[in-house]
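Take a look at this one chain, the form predicted on its own, written out in structure tokens.
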């Protein structure tokens, strides 16, 4: 990362570390979203919500690497809300529908799409509102549609329970404006999800290391036992192999690289969750204990924006 990106990461980390995100996440899960929305407005002040939006719509027009930096920190702190949809997917999807020239075959719809862009993108960039959507089959339900805009139409229908109580899932009762496949928007969603999973895995490792240094058994911290060390070292290795794949995928934006990143990040986060459960014992399951916030969010994101099996198949097809 260049110095500006290091500063961006540091500022984002400091903001979230001082925001008591666990309390915000619990309030969000209980239906009180205002503390979370206030935090999102602070994230907007740092430019997070404007990363994927062009300057002409008040955005930063940042690189995919900047996006990965942001999402790794959002995962590291278990930030609630439709982050992937609002910051990465919906802006990219709207921009993909704009005709490149006046002679574009889509010019008949150009005015509608341009109106959609001018109406929504500045609002997303400023943090005035968040966005969401469903993208079956990879994202069959819209996340947090009760507080986020649905730029492509539709109204939230029946709600569906999630393993992560901060993710309020809804059926959307209408056709979407997606208009068929859009590989770039989907890939940005998968890349952002991979970065978020990497951050979640890192946080679960940090929490596990801190816990085994404090918990005493047989007169010494359990972190001194070789079996515990091996569990956590395996997580460290998995994360160290996943993170370079995520950042290289941000550089290339090649579908096969994004799929490789999503597979590796999912595996690392799953291992971090399982190892964290083992070293914490039953306390890690309880909602009162902070570790559970990262645990359930990782579990919810593992199949999101393409399961590991789907991405392995796509990677295989590219070989």
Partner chain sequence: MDRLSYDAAAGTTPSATASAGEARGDAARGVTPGFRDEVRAFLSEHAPHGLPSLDTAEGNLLHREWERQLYDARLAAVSWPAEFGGRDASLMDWLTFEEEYWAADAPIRVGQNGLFLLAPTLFAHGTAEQLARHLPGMARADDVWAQAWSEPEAGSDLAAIRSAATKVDGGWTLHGQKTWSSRAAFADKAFGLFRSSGERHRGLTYVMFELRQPGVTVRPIEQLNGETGFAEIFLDGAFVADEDVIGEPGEGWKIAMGTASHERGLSLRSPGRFVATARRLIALWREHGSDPLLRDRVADCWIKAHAYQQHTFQTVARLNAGGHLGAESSAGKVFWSELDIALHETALDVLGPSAELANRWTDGYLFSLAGTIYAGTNEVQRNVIAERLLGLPR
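On a predicted model such as this, the values are computed, not experimentally measured, just so you know. Numbering follows the first chain given and starts at 1.
Quick note: we don't show the form predicted together with its partner chain, though the next part is all about it.
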**Asked** Should residue 292 be classed as touching its partner chain in the predicted bound form when contacts are defined as heavy atoms within 4.5 Å?
**Response** yes
**Message:** Does any part of residue 114 reach within 4.5 Å of its partner chain in the predicted bound form? Heavy atoms only, please.
**Reply:** no
**Request:** Flag residue 123 as yes or no: does it have a non-hydrogen atom within 4.5 angstroms of any non-hydrogen atom of its partner chain in the predicted bound form?
**Result:** no
**Prompt:** Is residue 9 close enough to its partner chain in the predicted bound form to count, meaning some heavy atom within 4.5 Å?
**Reply:** no
**Request:** Only one of 278, 32, 252, 63 comes within 4.5 Å of its partner chain in the predicted bound form by heavy atoms, so just point that one out.
**Result:** 278
**Asked** Can you pick the stretch from 254-262, 269-277, 35-43, 48-56 whose heavy atoms fall within 4.5 Å of its partner chain in the predicted bound form?
**Response** 269-277
**Request:** Flag this candidate site as yes only if 231, 282 and 287 all have a heavy atom within 4.5 Å of its partner chain in the predicted bound form; otherwise mark no.
**Result:** yes
